[in-house]
Every structure is written in C-alpha cells, then in structure tokens.
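Only one chain is shown below, in structure tokens, and it's the form predicted on its own.
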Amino acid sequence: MMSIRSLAGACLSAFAALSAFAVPASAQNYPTRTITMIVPFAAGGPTDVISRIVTAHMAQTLGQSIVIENVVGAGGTTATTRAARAANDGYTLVTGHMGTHAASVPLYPKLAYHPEKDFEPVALLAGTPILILARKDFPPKDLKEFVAYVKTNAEKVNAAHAGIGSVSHASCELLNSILDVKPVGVPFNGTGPAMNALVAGQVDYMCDQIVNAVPQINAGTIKAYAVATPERNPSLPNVPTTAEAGLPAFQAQAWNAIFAPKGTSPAIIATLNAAAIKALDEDNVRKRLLELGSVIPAPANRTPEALATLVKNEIAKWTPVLKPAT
C-alpha cells in the first residue's frame, strides 16, 4: 500500500510532468488567432513593403492572418517601444531594421528599450543597399559633381530623412561625416513621405534603401548617383557603386528583420522563423524582393542566433559614427 508521502510525491511528479507538457503543447498550437506585425514607419516605405511581401506568405504557412500596423514617429522608436512592451505571446511582433535596432542606441540616450535586451530575434528578412539620391533637377550630373556641389553649398542644400535614427538619417549622417558637411536635415514620418518630397522637388537629396527607390529611378522622377555596396545591384545595373563613382569610403547597407518581445517562447520563435524561411525560399517572394533590389540572406544568416549577432555588430558599427551627431 502506498504511503501518504509516496502518494504525495507521485502526485507532485505527475503535476510537474503535466506542467512541462502544457507549455510545448500551447506553443505547438500557435497561432490560434490573428498576429499583429508592427511596422515602425508609414505605409509604402521599404520596411513596410518588405514586411508585407514576406508576412503575406508567412500567414499562409501559419494558417492565421498577419495584420500590418503602421506606427510612425521618432525614427521608428515609438513603434519599437510599443512592441517591446507588448505581451510576449507571439501575437505582437515588429519588423525592425538597422535604425530601430542599432542606430537608435547612440542617437537616443533615453531610449525606452534596448535592442539586445528587450527583444527575441526571429529572422532576418532582407538586406537593403543604400543609394545616394537627389531630385531630378539637382544640378550635379554624377557623384563627383555631387560631392563638390554639396561641399560648396553645404549651408544651402537640405537632406530629407525619415526621422532621427531612421536608416535614411543614419546613412546620410555617415555620408555627411565623410564629406565633412552639415546640410539642413528635413525629417518626415517615414521614407515614403520623404521620397514623395524628393520626387516633388521639395528637398535636394537623401540616402535611402533601394526598395523605396527603384520604381522612381526607373521612372526618371529622381536621380541616383551611386549604390553604397561593393557591387552593382541587378535591379539597377546602370547605377555605379560608390567606389566606381569616386567615393569608396561610403559603404552602407540596411536590413529588415522580425523581432518578438523578450521572453517569447523558444517554440513560438522557432515556428515564426520556419515560416519566414519558407517565405524567403518561395519563388514569387524571392522574385518580388529581388526586383526591388533587396538582398536575400543566405541560409546561415536566417537563424535567430545570426540575427542576434548582427544586431550586436551593427550597434558597435554605428555608435561611433552617430555619437557626434547627438
């Protein structure tokens, strides 16, 4: 006959086993309802476009809708703060990028979140080369003339960006530091509105992710002086690299990735990562991303661990560049 002590021990063991089983079972059933993907910028910008392309396919894999919620403000940090404070149940995610998860650290001393401490990395979606762009009637004909013109007219020219800490802001800070100029910065609530202003001739130049610029360049509504990568981009074969055009020191490529609030179940992270990888391997998704000039990450760079390393390295890279700007 089992003693009371033995019976109690057996009950505790059974309860522990059931509890251990309950968490994975819950994660295995995920998702059971709509997922919200917060995008830190206005609709139509690079982060928004990439997020919509990839999450549309992820939703098919997961069997639940993924609703995009555009939240603008403070270079993407308003939305990212909201995502960091969301429940860590896998139903609120954020598409972060180089600005929100790296440049924000040196630019916002009172940042309400820390990219490494307050998020679980999910998956890198795409790399986005940076272009030096200008309104179509900006006087310089090529990059060498652009450099000379901006240096000569630094107090007169202006540069559009999507807010302090955005990719467009950080990358142009790097460019301006190389040129040793301080043009007037003109902030917008997203690179979509900034691009519209450039097309309308309301601003002089900007540094922007290729995803936002390919349609406008091909339409002839703006100028593209160079792409800041070692090789030309297949989507814009006639646009020279910065090295070819005479400014090899300017190298910049942004990226977009999915993050979840800290403490999200590893099983949920694995489910989301698998869905993202499946999307990146799908022919139509790849075609759409490549047509926009995106760089699809290699398999080794798609893991949560690889994304965590990227965030750490990017913070180290951009902090010395952007500290003087604060």
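Predicted model only: the values in this text are computed from it and were never measured. All residue numbers refer to positions in the sequence shown, first residue = 1.
The discussion below concerns the form predicted together with aspartic acid, not included here.
With a 4.5 Å cutoff on heavy atoms, Pro46 counts as touching aspartic acid in the model of the complex.
Aspartic acid is not shown here, but in the model of the complex it comes within 4.5 Å of a heavy atom of His97.
Among heavy atoms of Gly192, some come within 4.5 Å of aspartic acid in the model of the complex. The closest non-hydrogen atom of Ala103 lies beyond 4.5 Å of aspartic acid in the model of the complex. Each of Phe41, Val167 and Gln209 is positioned with at least one heavy atom within 4.5 Å of aspartic acid in the model of the complex. Residue heavy atoms within 4.5 Å of aspartic acid in the model of the complex occur in exactly one stretch of 131-139, 183-191, 116-124, 233-241, and that stretch is 183-191.
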